[in-house]
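Next comes just one chain, in structure tokens: the form predicted on its own.
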Amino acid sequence: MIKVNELNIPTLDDLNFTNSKVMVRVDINSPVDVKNGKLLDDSRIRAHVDTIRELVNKGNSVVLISHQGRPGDNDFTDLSEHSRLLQKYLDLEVEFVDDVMGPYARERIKNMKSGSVILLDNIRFVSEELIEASPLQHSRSFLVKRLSPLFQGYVNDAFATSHRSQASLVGFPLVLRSSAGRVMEREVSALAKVFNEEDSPKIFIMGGGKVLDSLRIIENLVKRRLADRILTGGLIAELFAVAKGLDLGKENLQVLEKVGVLGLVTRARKLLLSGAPVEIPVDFKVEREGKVYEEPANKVNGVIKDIGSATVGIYSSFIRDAKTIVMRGPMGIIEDERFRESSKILLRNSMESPGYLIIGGGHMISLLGGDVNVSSSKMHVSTGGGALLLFLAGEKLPALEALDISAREVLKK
């Protein structure tokens, strides 16, 4: 059982499904080439192999459910190609059923043999899955009422969609013995460190261009006193620099105004005045007339593209003393090779430090090259996306709450 944010999340170790029929909610939603309909990346498919194989090896018959895209979008397709890739990585037959809850799907599920695997079609072909509602409401949906009697258990392995309150994520745990899968378990176990006082000091490295999202996260970290230091880079650093009264120059103010950041200065200033442990760069790398210069933060002449070397040194000293490091977003414009170095150095120092590192996906993953070797027991790369963002911002994740309800109400029956 994993305890996180006052929730108790059962794992496969707690329920130990054997010789049962188990529904597994996976997230194999993948980018699609709109020209030919082929999947461009199968990393999410590969991520669930451990959970599925473990269940199969214990004699369970496994039915997988997932979504792909949204109705009306170019990537809204069936799951036939996903099933072929799953079969490749599992190295066992995966039957694709082009139905979700109709008579054909239910008949195929009823006739499954021990150790077999079925992938039902895109769960969003069912209109109920597009509705956001409470777990109780979804437990009474046609989807849950038609499918749940066919199963002895439910496993949610789809952390990346755990911020959705949809039938396949929150309805089944109220009527079936339910647990987190191994992907979900790894995500939740890693993020539990954010709330564990014993895993301090905690350093949060916040960068990238999603300023409002980052500001919401920082506000929650400060409110709940979860962070010992918040190291800023990217546009969020520029926002706090302006809030502190630093003159970043006309060009950078125009950039901030263009992306709608200047309206957030008051919120950032309020955090600084409250004593929030927000660290602002002491220098920046700027581009001026096509050349790169380093400028002190109080005398910027050029367009800011990265944090400077002095700031990298200061941030690295904080990282060396941390027990938990959460890195979300790069420090500079990493699409340009000239402004990747600071992010790479901080990432490398975080990986080599004694602390546990959580990488918030996105652009930071692209910096993970083969030049640094690190034990997976010391690092977690989150696949969470929106779920991770909302988790760090203090929002509730409905799928986790549903598993907690299941632990309290269903497992005791």
Ligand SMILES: O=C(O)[C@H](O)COP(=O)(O)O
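In case it trips you up, residue 1 is the first one in the sequence shown, and so on. If you're wondering where the values come from, they're calculated on a predicted model, not measured in any experiment.
Omitted from view is the form predicted in complex with the named molecule, to which the following refers.
Peer 1: Among 160-168, 176-184, 266-274, 140-148, mark the stretch whose residues have heavy atoms within 4.5 Å of the named molecule in the predicted complex.
Peer 2: Heavy atoms within 4.5 Å of the named molecule in the predicted complex occur in 160-168.
Peer 1: Test of understanding: in the predicted complex, would H67 fall inside 4.5 Å of the named molecule by heavy atoms?
Peer 2: Because a heavy atom of H67 falls inside 4.5 Å of the named molecule in the predicted complex, the answer is yes.
Peer 1: For K193, is any heavy atom within 4.5 Å of the named molecule in the predicted complex, or not?
Peer 2: Close contact is absent here: in the predicted complex, K193 is far from the named molecule, nothing within 4.5 Å, heavy atoms only.
Peer 1: Is it the case that N29, even though its partner is missing from this view, gets within 4.5 Å of the named molecule in the predicted complex, heavy atoms only?
Peer 2: Contact check for N29: yes, within 4.5 Å of the named molecule in the predicted complex.
Peer 1: Does at least one non-hydrogen atom of R124 fall within 4.5 angstroms of the named molecule in the predicted complex?
Peer 2: Looking in the predicted complex, residue contacts with the named molecule include R124, since a heavy atom lies within 4.5 Å.
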